[in-house]
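First, one chain by itself in structure tokens, the form predicted on its own.
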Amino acid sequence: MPVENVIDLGLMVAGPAGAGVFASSLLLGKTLMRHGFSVFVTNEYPSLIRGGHQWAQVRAVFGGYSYSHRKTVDAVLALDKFSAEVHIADLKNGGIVVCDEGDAPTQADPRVVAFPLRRIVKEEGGPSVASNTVGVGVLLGALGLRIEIAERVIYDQFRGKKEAAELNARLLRRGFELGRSLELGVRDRVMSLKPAEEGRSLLIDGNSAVALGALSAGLTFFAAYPMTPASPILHFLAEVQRDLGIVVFQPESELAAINMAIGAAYAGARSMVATSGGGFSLMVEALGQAAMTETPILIVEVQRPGPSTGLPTHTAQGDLRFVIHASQGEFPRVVLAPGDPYQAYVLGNVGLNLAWKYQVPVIILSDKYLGESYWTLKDLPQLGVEEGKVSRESVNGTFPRYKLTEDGVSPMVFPGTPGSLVYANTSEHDEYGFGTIDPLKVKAMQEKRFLKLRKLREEAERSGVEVYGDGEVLVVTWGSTKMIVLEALRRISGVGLLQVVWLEPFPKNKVKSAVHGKKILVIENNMTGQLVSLLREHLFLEPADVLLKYDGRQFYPEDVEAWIASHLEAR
């Protein structure tokens, strides 16, 4: 589509926790998506149950793809006075702030449009918190969106709650009528759009996507202790467990969660846990247990800033080196880092299958920005289950669970298999699982476990990197920062992007081939340049420059764009 026909909208909802900021942003996002827009929704909030300031941004692009948020927006729905005063600075030229007449800033500003949002709620007999729905209606009217589509979203959101749905639909329409009086430049173009065919797109977050991916790989047991920003995985799987026939359990701690998952996998269940950095710290000893017992397990680590409790509700990429080296001793593991919900879904499947194929711990390293942001996806592929070396035939006597094999992977038999005795041992052991200090057996068993690395490295070389575009300059990054770089590169030519998807084993040959002859720039969301350290370690590669950010926020594409442009000018 010609650039002049592309519609690029930025909307923000801001207010105190408990005012419906996130619900409003999803209502806006889903309504725009059903009009045919590509939508991205992200949020920022403090670690509080009620109170404290939070915001959510909805970026919607018609005629292109919405990769990420940007610094400025067309309209802000402010749900308190503080938000109206603060976020006026985020407006584009011609943008407006919509708020209740009681929240308008003391000094008049033509960019602030005040309506009786709370009075309308009172007239309709609703709770005062519902003023956010009236405000969303104002934005819909100002943008020229179709109210009937938004009402269908309302009824979907309040499925099974008829009275609440009807009330919110009325509030939405009252706000919509008010919004039609506003003059926003894009309205005529939006009104001319043909709505998208419903059911053809998803608005999905990274946490739900990784859970769906694991389900597609046969997940049957999930345990987690709530920890932001990984908790939505627990919430999502708990909601669907009865429909899907899986077991979802919240034990008393992260230690219990991973040990339960290891026990379930030992008994034959395809198991996963999810946590953030602090919870993963508590799981580390059990990580080694999974490695020594060669029990398949998938761990999702959704990063937030540390150390300690750090910034519980913000984002970072500071745990890369930690997860690669965590636990005592040496053993093979896999670390995968998705950059968007599609990859999160695929790697959720791949991760669980790899764990069972090679009987090693597999860690998916996500982050808050990916886990809690939403993107539009057209479809998710059908993926299946790879069982690995599992023997289900009757065994007569003790089974050689740790049998020495050419590829280091021993056949598994589960307790309960007729005639079999199956031993697992967290201390060094022989082929039958009995403890040993015999130096020859100790050496053989350690070498057997590391034999798996040969095939795992081949897997990493096959699918460990993604390359976007081409040019003399190559930006290298990992995780969700990929989406920020793609947004920045929308306006820059002659620059490619390399995303490292497999961090362990590191796909060094594939990376080496991709960076050959290029000027290398690295971008990552931490203070010490942990991906850079891997490039030095595996390739002796020194980038031309590195852009780091470690304030708990994801990069803005505008800043990345300016940084890359400065290097192009310097050539």
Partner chain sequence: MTALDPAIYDTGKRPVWCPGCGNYGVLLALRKALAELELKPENVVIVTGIGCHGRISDYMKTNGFHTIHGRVLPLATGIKLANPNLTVIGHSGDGDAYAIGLGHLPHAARRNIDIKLIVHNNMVFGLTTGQVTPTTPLGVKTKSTPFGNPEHPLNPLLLALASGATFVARGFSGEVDHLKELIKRAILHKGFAFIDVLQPCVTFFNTYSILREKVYKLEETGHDVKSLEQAFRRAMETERIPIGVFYEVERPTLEEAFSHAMNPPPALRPLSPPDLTRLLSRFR
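Positions refer to the first chain, counted from 1. On a predicted model such as this, the values are computed, not experimentally measured, just so you know.
One more form of this protein, predicted in complex with the partner chain, exists but is not displayed; see below.
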Exercise. Does each of Val240, Asp243 and Phe249 have at least one heavy atom within 4.5 Å of the partner chain in the model of the complex?
Worked result: yes
For this session: Using a 4.5 Å heavy atom cut-off, indicate which stretch of 125 to 133, 474 to 482, 335 to 343, 265 to 273 touches the partner chain in the model of the complex.
Result: 265 to 273
For this session: Would you check, heavy atoms only and a 4.5 Å threshold, whether Gly185 touches the partner chain in the model of the complex?
Result: no
Exercise. Is there a non-hydrogen atom of Pro415 within 4.5 angstroms of a non-hydrogen atom of the partner chain in the model of the complex?
Worked result: yes
For this session: Tell me, yes or no, whether Glu393 is in contact with the partner chain in the model of the complex, where a contact means a heavy atom of each within 4.5 Å.
Result: no
For this session: Mark Glu487 yes when one of its heavy atoms lies within 4.5 Å of a heavy atom of the partner chain in the model of the complex, and no otherwise.
Result: no
Problem set entry | Residue among Ser216, Ser410, Ser231, Ser327 with a heavy atom within 4.5 Å of the partner chain in the model of the complex | Ser216
Exercise. Can you pick the one in Met191, Ala164, Leu421, Val442 that has a heavy atom within 4.5 Å of the partner chain in the model of the complex?
Worked result: Leu421
Problem set entry | Those residues of 362 to 380 which, in the model of the complex, come within 4.5 Å of the partner chain by heavy atom | Lys378, Asp379, Leu380
